[in-house]
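For reference, the chain that follows is the form predicted on its own, supplied as structure tokens.
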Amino acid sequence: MRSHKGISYAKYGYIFSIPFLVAFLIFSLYPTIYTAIIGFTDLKGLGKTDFKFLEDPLQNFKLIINNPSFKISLKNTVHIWIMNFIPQIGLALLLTAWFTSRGSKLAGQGFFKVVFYMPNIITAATIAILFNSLFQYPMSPANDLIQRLGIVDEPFNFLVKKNVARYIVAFIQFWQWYGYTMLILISGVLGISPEIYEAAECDGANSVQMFFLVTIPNLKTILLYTLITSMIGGLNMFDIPRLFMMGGPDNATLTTNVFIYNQAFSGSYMYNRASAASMIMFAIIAFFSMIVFFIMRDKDEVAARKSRKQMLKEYKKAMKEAKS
């Protein structure tokens, strides 16, 4: 830490970090710990603060795991996330290649980036109202379009068809987040050394080869970040399924977060079961995050680390033998 005439400035760094630390302890750490604790209790009921620990500490967790609605919500959550993430990352990569192409410079890049990112800054309530109007029955722009194209003769009720409702929610999630993913990937590409591309050009690589053989391998860390954050966000999906479809029709768009909300704030206010469901989702997200980290780890770095450890071990062994 820098100092001037014997005065240390380290304390000012700690002082400036106090507001964040206090906010984190009050609004993040404490609620998380409290949520984990009440999952083992009988706490339920609006306004109730007293509770006791259950004789079977895992009772709430067992009830949630065996709950048919929770199983449906988990299946829906994974299904909707996969349906929106695959086209999301595909389109984001395509736009990244377009915006960062070294062969041709696109005019008005800033404008297009703003337009593509715009859906991400629109509030979920606004989007829910917008898409509800687009797919309303019997009169809506979507119904008018498919009738003019001759696809159907009569108005089609999009929002009562289970598969159609899932596809619409998945499309909304994709439409909201592809621009954000694109900007993250563009930032990663801009961080790659230009000398690597120059070397590839000297070797005769075209733009497609450079993208797949230079850009993608050097974006591995950014792609890992994108995958992890998208998975966490996807498994915590709440606002659109709740505001747009209310989990319907027939629980077709019921996600785990909507299920947790219903457990906590609907009916008998079962905070204990909502807490148990939250901790189960926390464990699921942590488990799959570790799997993704393991699959996408830098194998060369892992091999080099093992090699260094082996060399150090052999060196210590040789030194020990020399002393004896």
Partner chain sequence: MRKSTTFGRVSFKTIAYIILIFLTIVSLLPFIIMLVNSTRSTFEIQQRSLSLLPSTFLMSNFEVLTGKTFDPIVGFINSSIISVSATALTIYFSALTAFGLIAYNWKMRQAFFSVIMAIMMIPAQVTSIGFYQFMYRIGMTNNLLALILPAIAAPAAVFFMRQFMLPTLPMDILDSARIDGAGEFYTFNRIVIPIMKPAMATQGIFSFVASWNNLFLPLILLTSNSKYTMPIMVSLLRGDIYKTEYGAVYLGLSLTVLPLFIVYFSLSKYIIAGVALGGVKG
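Since we're looking at a predicted model, the values are computed, not measured. Residue numbers count along the first chain shown, from 1. Rigid core: the largest C-alpha set superposing within 1.5 Å between the two forms.
Below, we refer to the form predicted in complex with its partner chain, which is not included among the displayed structures.
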Indicate whether its partner chain has at least one heavy atom within 4.5 Å of a heavy atom of residue 201 in the predicted complex. no
Given that its partner chain is not shown alongside this chain, does residue 140 nevertheless sit within 4.5 Å of it in the predicted complex, heavy atom to heavy atom? yes
Interface membership of residue 271, its partner chain in the predicted complex, 4.5 Å heavy atom rule: yes
Could you confirm whether residue 57 comes within 4.5 Å of its partner chain in the predicted complex, counting heavy atoms only? no
If you check in the predicted complex, do 61, 65 and 157 all have a non-hydrogen atom within 4.5 Å of its partner chain? no
For the chain seen here without its partner, which of 193 to 201, 109 to 117, 73 to 81, 212 to 220 has a heavy atom within 4.5 Å of its partner chain in the predicted complex? 109 to 117
Just one of 91, 164, 205, 227 has a heavy atom within 4.5 Å of its partner chain in the predicted complex. Which one? 91
Contacts with its partner chain in the predicted complex - residues in 84 to 99 whose heavy atoms fall within 4.5 Å: 91, 95, 98, 99
Aligning on the rigid core, do we see the C-alpha of residue 292 shift 2 angstroms or more between the shown form and the other one? yes
Note yes or no: does the Cα of residue 265 move by 2 Å or more between the shown form and the other one after the core is superposed? no
Quick one: core overlaid, is residue 283 moving 2 Å or more at the Cα between the shown form and the other one? yes
